[in-house]
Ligand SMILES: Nc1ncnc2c1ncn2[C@@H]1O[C@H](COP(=O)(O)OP(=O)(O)O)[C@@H](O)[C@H]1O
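Let's start with one chain on its own, the form predicted alone, as structure tokens.
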């Protein structure tokens, strides 16, 4: 990718909140990020990491206290309010709680930004109807938000966000309030929009399953900083930071087996998941292992796996097994805390 392919460039971004009495809270500090045109990019972090502040600084709903944000080569942090309003038309946004107008129906919710942009009532309604059809709600134009399910409300919100033909769609925890089946449907809709309209999508989430499902690249935010970024498959295979490991690696409810054996975390990169690696290793080395935890994920159509095993404590057993894994080109790390 070249600099011309970058649609969002974030440079030295910082956001500090003044809590009064000489108390300051740094929500973001020295954030640097490039997001490419036409991709689905994920930003993931635990609660309080700064991810929602970051997405609101991208379109300047929050004014950063340091740094610059560029959209399609234009620095929006230096714009006055009039120019910023025009720039924001190319940046759509959807939220966890939908933010629909409860007193009007689905059609009028989508019409609202169109009328503000100068569309006539007739043209706005025609465009809104087209957008509702695109998100699968052509038969619900007259329904009020109270008559819609959570997934239908989010579809209306997506249609409304697309009303201004945005280049970028910011999704702030857009599926966190939805059930698993509806979440998949909304994520598939966003993939379709990205594929057919070429809209760049930025997914803000605390759920790794969202990143795995639709994102090509990801940035992990922790303690107000971007601590790791890269292709989703690369970050999954080899998380380098504690923050990444907490989000990616299977750990909840895992208790190590009793004994003195060492723990290894095996990572399968999507090309070896169909091989009986552990069984062959046991047969080759002549000693059993204990499986402590296992996890699989689908990323870019490939199955990736993580497996934690406890090696036997016999003299030389662990070394023989690790040598076998090396011979099979299996990525592994030794774990001291599972």
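Residue numbers count along the first chain shown, from 1. These figures come from a predicted structure and were not determined experimentally.
The same protein also has a form predicted in complex with this ligand, omitted here; what follows describes it.
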Practice problem: Consider the chain as shown here, without its partner, and state which of 291, 279, 46, 61 has a heavy atom within 4.5 Å of this ligand in the predicted bound form. | Solution: 46
Quiz item: Looking at 307, 27, 285, 31, which has any heavy atom no more than 4.5 Å from this ligand in the predicted bound form?
Solution: 27
Exercise. Tell me, yes or no, whether residue 52 is in contact with this ligand in the predicted bound form, where a contact means a heavy atom of each within 4.5 Å.
Key: yes
Practice problem: Name the stretch: of 308-316, 65-73, 52-60, 32-40, exactly one has residues whose heavy atoms fall within 4.5 Å of this ligand in the predicted bound form. | Solution: 52-60
